[in-house]
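In structure tokens, one chain follows: the form predicted alone.
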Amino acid sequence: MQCLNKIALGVSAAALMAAASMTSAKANELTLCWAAWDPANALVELSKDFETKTGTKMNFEFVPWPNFADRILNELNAGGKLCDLLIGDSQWLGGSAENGYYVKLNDFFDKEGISMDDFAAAAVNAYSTWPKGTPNYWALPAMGDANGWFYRKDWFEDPAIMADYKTKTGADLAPPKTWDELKQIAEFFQGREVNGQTVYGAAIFTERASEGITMGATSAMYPYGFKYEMTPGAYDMEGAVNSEGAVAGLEMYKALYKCCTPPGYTDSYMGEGLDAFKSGQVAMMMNWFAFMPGMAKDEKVGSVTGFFVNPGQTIAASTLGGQGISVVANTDNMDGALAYIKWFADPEIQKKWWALGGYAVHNAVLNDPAFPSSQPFAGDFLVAMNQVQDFWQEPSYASLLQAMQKRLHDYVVADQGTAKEALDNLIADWTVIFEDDGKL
């Protein structure tokens, strides 16, 4: 019995030692989850500073954009342990906060002296707060982003092309300030021969499966006056979603798609646009500011690429991208995860983040007099982040987005019905969702 007891105790001690070893290893490691794209590579480089200062080993789980939401939201819903830190889309805030997936950071911010006043107000509202309009923080602003435009600077500045444009339109060829101007320029380039190649006006978002056409079409609809509600928080969509301006903006987006995109461009998003631009197919490309650092350095087209902020129409507006960084409530290394948030919030780290190609939204970066000239797109980024508008951040955002994807794609690409009918039907779809949620 004594021998048996000693053996049993030995097994228990070994198990406890193994468990302690595992706990210690975990306490010395963090896994950060994000999408797989250029800024993620910059964050890996930046995080070496955190590893050096803390001795914590950083692991990264980067998921391609088309699979990012399904992969990570399924992980959160299942209570998985993959992510200690998550850079998640702004639309996830409502559901992640209400379902307990994210740690509320207010007390931690207060304890560590981290002030949300140190970050751009629009970024804090979009990437950190839930409910909207309240000082309840579930993330630290991590990656500012907005939908903007790339253009072939060499084509726009070619004397022969400039003269032809002036003859045909009576205007000077320059980056457009309005959607009317953008369409006129796109029409001018559509089917034109440049350097012996037939080119097209613009690469825009038409993708149906995830979020593409919604992110693209709202870039036209917001400047024409599209809103989600007449009264913030009231879900009174009639007269906002389907206003005359909203209809006009959606009609403009379809007109641009019909007149001025490459052949077969029916299901395109970020990657397809980058491919079309880099291969010299299009004069202009809609895409996120996040890709501008990489494009500016591109060996083939970097030197001939220019950038401009999303054109206005009746108002100035840009579709919001970007994300905040949250601590996943299910983490086994809470102290380490919070330490990473504290480190990332440091103004000096934020400056390094911008220098490496991340989009810092800390005021120490944005308010630096040298910031607008620090990159060829920096000034436009400042403009965009002061006029961004975002999709619903409701817990049911996935259903709301799915409905909008369908209605917009059916109208713009599949040529079904009118813009007014598409938006009327979207209100009906969203009304059912909000009724099921008890919001209406």
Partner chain sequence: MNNDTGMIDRAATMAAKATPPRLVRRVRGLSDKAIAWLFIAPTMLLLLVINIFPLIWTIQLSFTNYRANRPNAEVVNVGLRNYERLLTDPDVWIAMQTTAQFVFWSILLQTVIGFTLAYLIDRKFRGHAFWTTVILIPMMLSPAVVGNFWRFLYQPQIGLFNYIVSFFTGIEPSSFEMLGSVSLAPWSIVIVDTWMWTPYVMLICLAGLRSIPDYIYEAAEVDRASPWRQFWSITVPMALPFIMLAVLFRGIENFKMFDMVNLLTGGGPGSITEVASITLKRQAFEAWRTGPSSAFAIILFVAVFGLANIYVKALNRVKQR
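Because the structure is predicted, anything quoted here is derived from the model rather than measured. Residue numbers count along the first chain shown, from 1.
Not on display, but discussed next: the form predicted together with its partner chain.
Taking a 4.5 Å heavy atom cutoff to its partner chain in the model of the complex, the contact residue among 200, 155, 235, 308 is 200.
Among the residues 196, 135, 263, 113, the one placing a heavy atom within 4.5 Å of its partner chain in the model of the complex is 263.
Residue heavy atoms within 4.5 Å of its partner chain in the model of the complex occur in exactly one stretch of 242-250, 359-367, 167-175, 96-104, and that stretch is 96-104.
At least one heavy atom of residue 267 is located within 4.5 Å of its partner chain in the model of the complex.
Taking non-hydrogen atoms only, residue 231 never approaches its partner chain to within 4.5 angstroms in the model of the complex. The shortest heavy atom separation between residue 398 and its partner chain in the model of the complex is within 4.5 Å. Shown alone here, residue 427 lies farther than 4.5 Å from its partner chain in the model of the complex, counting heavy atoms only. By the 4.5 Å heavy atom rule, the three marked residues 59, 329 and 337 all fail to count as contacting its partner chain in the model of the complex. Residues from 52-69 do not approach its partner chain in the model of the complex: none has a non-hydrogen atom within 4.5 Å of it.
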